[in-house]
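Only one chain is shown below, in structure tokens, and it's the form predicted on its own.
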């Protein structure tokens, strides 16, 4: 089985965007926004959006299962207040649950957290529990910067995050580090802010004792790890100069995905990062949707890069395509075993 650990519902029916616009407009005027019960999307609309989108590409590109979450840029934690973020997150998570219920062979859920600037991450615990225990989700997306590009909240090593980490450990679910849309004009959302978030999170891990406090806590850093694999010597040297543990210690808790959209990037990633710490991912129909004129293939058809790289053995590819996902997502094997037809 080829498991794509990084998929977002970027093709959701337009009613979801209309609902969000009502929320945002209400927040701007100080009025109460619509409740999520006002969102009306039929199963047929979901089927059309998935079968002409993510499911179509699964079949064309030879993958079988996508670990699926709400659209990352759409999380918009900087918009409105805590109540708006909660209502929006619950609406998005419920929609992901419906997708996974309609296509249990093809999609497994990961939740959006109802983060909000200046609000304790502890307030995300209840929604994480709901999604894991009621919906069967196997992880969450965690935004290290809910301010939307201003980075004025506590770093991931701060004790403010600990109640959420405690619940993640208890439930045996990892988090993918994933910022949302940038509202800072200095940082393009997908070209700068996403990569900044990935790189910043790893540096925070280097400089903290987080994994001494939570030895089984697991994070996936997407987009090939931001700048990390490509400046591995820099970070090794910084850790050494600061008398921090070697980076190999972090690799007990931190993993990277393959959302790198050219062959040379995947070749470098697979030379620098051990195969045990790489999970296959594409983020298809996401940040980069076009066809590469140099190859004639879609940039985000990442399976072909893994197939072509000379740095991996057959055993390595098995780990990246499937085995590592089962190790990192502790609930995945049981979830798949309980899926009818598997």
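Residue numbers count along the first chain shown, from 1. All of these numbers come straight from a predicted model, not from anything done at the bench.
Not pictured, yet referred to below: the form predicted in complex with another copy of the chain.
- Between 79-87, 266-274, 119-127, 97-105, the stretch whose residues reach within 4.5 angstroms of another copy of the chain in the model of the complex through a non-hydrogen atom is 266-274.
- With a 4.5 Å cutoff on heavy atoms, residue 288 counts as touching another copy of the chain in the model of the complex.
- Proximity of residue 208 to another copy of the chain in the model of the complex: non-hydrogen atoms within 4.5 Å are absent; the residue sits far from the partner.
- Residue contact check for residue 212: none of its heavy atoms lie within 4.5 Å of another copy of the chain in the model of the complex.
- Interface residue remark: residue 216 is not counted as part of the site for another copy of the chain in the model of the complex, having no heavy atom within 4.5 Å.
- Taken together, the three residues 150, 184 and 192 all come within 4.5 Å of another copy of the chain in the model of the complex, as judged by their closest heavy atom.
- This chain is displayed alone, yet in the model of the complex one of 173, 227, 164, 91 has a heavy atom within 4.5 Å of another copy of the chain; that residue is 227.
- Think of it this way: in the model of the complex, another copy of the chain has a heavy atom of just one of 160, 169, 251, 238 within 4.5 Å, and the residue is 238.
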